[in-house]
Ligand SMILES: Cc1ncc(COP(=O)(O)O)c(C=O)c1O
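Below, in structure tokens: the form predicted on its own, a single chain.
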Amino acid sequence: MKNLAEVIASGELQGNGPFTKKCHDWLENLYGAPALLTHSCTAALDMAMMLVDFTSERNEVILPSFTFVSTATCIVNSGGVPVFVDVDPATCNIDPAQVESAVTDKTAAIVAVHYAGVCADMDALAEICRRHDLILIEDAAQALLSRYKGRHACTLSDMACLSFHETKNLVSGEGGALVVTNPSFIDRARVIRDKGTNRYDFFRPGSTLDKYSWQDKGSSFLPSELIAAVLFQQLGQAERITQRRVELWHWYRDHLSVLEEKGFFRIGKVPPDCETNGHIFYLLCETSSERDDLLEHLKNDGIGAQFHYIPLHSSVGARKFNARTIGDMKHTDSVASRMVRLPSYAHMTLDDSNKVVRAVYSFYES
């Protein structure tokens, strides 16, 4: 509230103010690369696809079908073609072996989605990109402060997209950011973010420009200073919030592992070389009907558990925009039909989490 009052009192509500700069500095200090706040992760993904710059010869992007729709719409918005591949059922992340089989002369980029705050196999994906001269993008909407082999998500590719939507670990209501690890993209990224103008250079200290003008394609991707003010306060609590989410993840795992060992369901895995930020804790039931029954049981007990994505390869949009699908997608279809996400949030109490665990046990005991 103090931050918001400060912005309102200043009379400067548009973006690129003091709180936007503070957020940029925080992210750049974390990642060692320039970061640009956006009004959503969807906007950051749109910017990333503009930077890929499709041609008629190379306009395909490989991505998992098990992801939020924004991962695909950003490709279509820039004139590209989504190419869906299956996931690794152990992590629900894109399977590099399936990616390899999907690469063609038309492939321009690969998008790795770090599902549930667990990083994809980025070394394998980076090697594919190196051999085929492809751009690698992280959809890190769920992965702030997650790590892969000791390195932060968002430092493992050419560019990465973050979300601060209210459903994420750190929130500003709506909000996102584009982290530009490959320095060859940053100047153009600033132009695209400023509606296709060289406004950034005009306002840069020591600039000799007497005006800014239209230079390239772009849009209004900047969030207001009010959003940045809320976000900056959240960033200051990032370690504490993440630690609590991780504690909850481990608490669920420890208390539900007995049921997993009995074969009732499978708990989502974190590979040994990854560190989760605890964004999502999920179960994979044996069948879709069992999943539906468990969700209904939890709902009746006042517990807001959820399933997750409808696979994009089976959607109306995929057909409408001529997306391609490689392989039978059996793992994607399977995990999508059997997943249950349990409630998790930073201020969740021990009584709350105990209630969830007791309800899961009561379902399987009956």
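One rule holds for the numbers: they count along the sequence shown, beginning at 1. All values derive from a computational prediction rather than experimental measurement.
Beyond the structure shown, there is the form predicted together with this ligand, which is absent from this document and is the topic of what follows.
With the partner removed from view, the residue among L63, L36, V335, L45 that has a non-hydrogen atom within 4.5 Å of this ligand in the predicted complex turns out to be L45. In summary, among the residues S172, N169, T71, S157, the only one with a non-hydrogen atom within 4.5 Å of this ligand in the predicted complex is T71. For a residue to qualify, one of its non-hydrogen atoms must sit within 4.5 Å of this ligand in the predicted complex; all three of C41, T67 and S163 qualify. Contact check for V113: a non-hydrogen atom falls within 4.5 Å of this ligand in the predicted complex. For Y309, a non-hydrogen atom is located within 4.5 Å of this ligand in the predicted complex, even though that partner is not displayed. Mapping the unseen interface onto this chain, D86 falls outside it, with no heavy atom inside 4.5 Å of this ligand in the predicted complex. Taking the partner from the other structure, this ligand in the predicted complex has no heavy atom within 4.5 Å of any heavy atom of C92.
Partner contacts here mean any heavy atom within 4.5 Å of this ligand in the predicted complex, and among 134-142, 187-195, 228-236, 281-289 they occur only in 134-142.
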